[in-house]
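As a starting point, one isolated chain is supplied in structure tokens, in the form predicted alone.
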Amino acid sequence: MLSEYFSPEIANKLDCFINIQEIRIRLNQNITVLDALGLNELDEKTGKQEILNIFSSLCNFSVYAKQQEIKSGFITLPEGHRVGICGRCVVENGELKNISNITSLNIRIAREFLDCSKKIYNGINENIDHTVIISPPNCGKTTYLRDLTRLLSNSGKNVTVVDERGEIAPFAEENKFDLGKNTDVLQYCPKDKGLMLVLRTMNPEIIVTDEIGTNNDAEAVSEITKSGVTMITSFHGSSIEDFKERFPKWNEFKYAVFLNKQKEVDRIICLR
């Protein structure tokens, strides 16, 4: 699946793993692989040239063409996987222009699990209302959002996805993932601006976006809920209480869904 991006030696070792979730590559450290059984460490370190070779390969040997994504701290692969980037930031007039001298890469594997969100869908479908999916990182929020989008769309609802980082619907024009027959996608637009744009132009019944958190996000969510459009989103948090404490417009949502570390729906509660 990812063999083409690595040297034959590393590719052969990666092929031994099943259901890889994440690959971390750090300068002068061993590559680590997170799979269904836990964290694994390969028995060789990656030097500066090896990281450069891998990064160039991940960019399809055209780093310049990926500059818009790189300055946001990630690139998205054709298969939908996201690669987080660390290194030396190039900043001009307070704006991040590039990340060079790459020292770390984090490849997060995107997968489609059809019907994983059926429990959420069944819990809110009779009276669809504003819903937030909450969990710590790497617990499946984006995967659940993607599947919930598909179920709601195929039920006849007009759904618009605002996908700021290209994670819910990576390369949507190529239909890499099934988002349903009544879904429109706006990609790589700042979240708060994208939410307002689709609210004005797409006449959605439901808007889906990932990882709200800023004050601007909160104001956009408030505008959407006032308009009569249903908002479905996610939030990085350790608990539903954490969400209430850190997101100023938490009471705009009716349902909160908490995912546990096993990537299962732990509970669905009514917030109001």
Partner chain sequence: MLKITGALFIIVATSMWGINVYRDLKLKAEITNGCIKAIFALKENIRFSMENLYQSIALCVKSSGRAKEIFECAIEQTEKGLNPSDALKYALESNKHIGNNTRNIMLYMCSQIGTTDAEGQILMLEKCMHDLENEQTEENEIIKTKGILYQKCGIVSGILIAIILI
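Numbering follows the first chain given and starts at 1. Since we're looking at a predicted model, the values are computed, not measured. We call the rigid core the largest set of C-alpha positions that still match within 1.5 Å between the two forms.
What comes next is about the form predicted in complex with its partner chain, which does not appear here.
Contact with its partner chain in the predicted complex, judged as any non-hydrogen atom within 4.5 angstroms, is confined among 230 to 238, 208 to 216, 58 to 66, 34 to 42 to 58 to 66. With a 4.5 Å cutoff on heavy atoms, Lys97 counts as touching its partner chain in the predicted complex.
In a rigid-core overlay of the protein, Cys59 has its C-alpha displaced by at least 2 Å between this form and the one not shown. Comparing the forms between this form and the one not shown on their rigid core, the Cα displacement of Ala110 stays under 2 Å.
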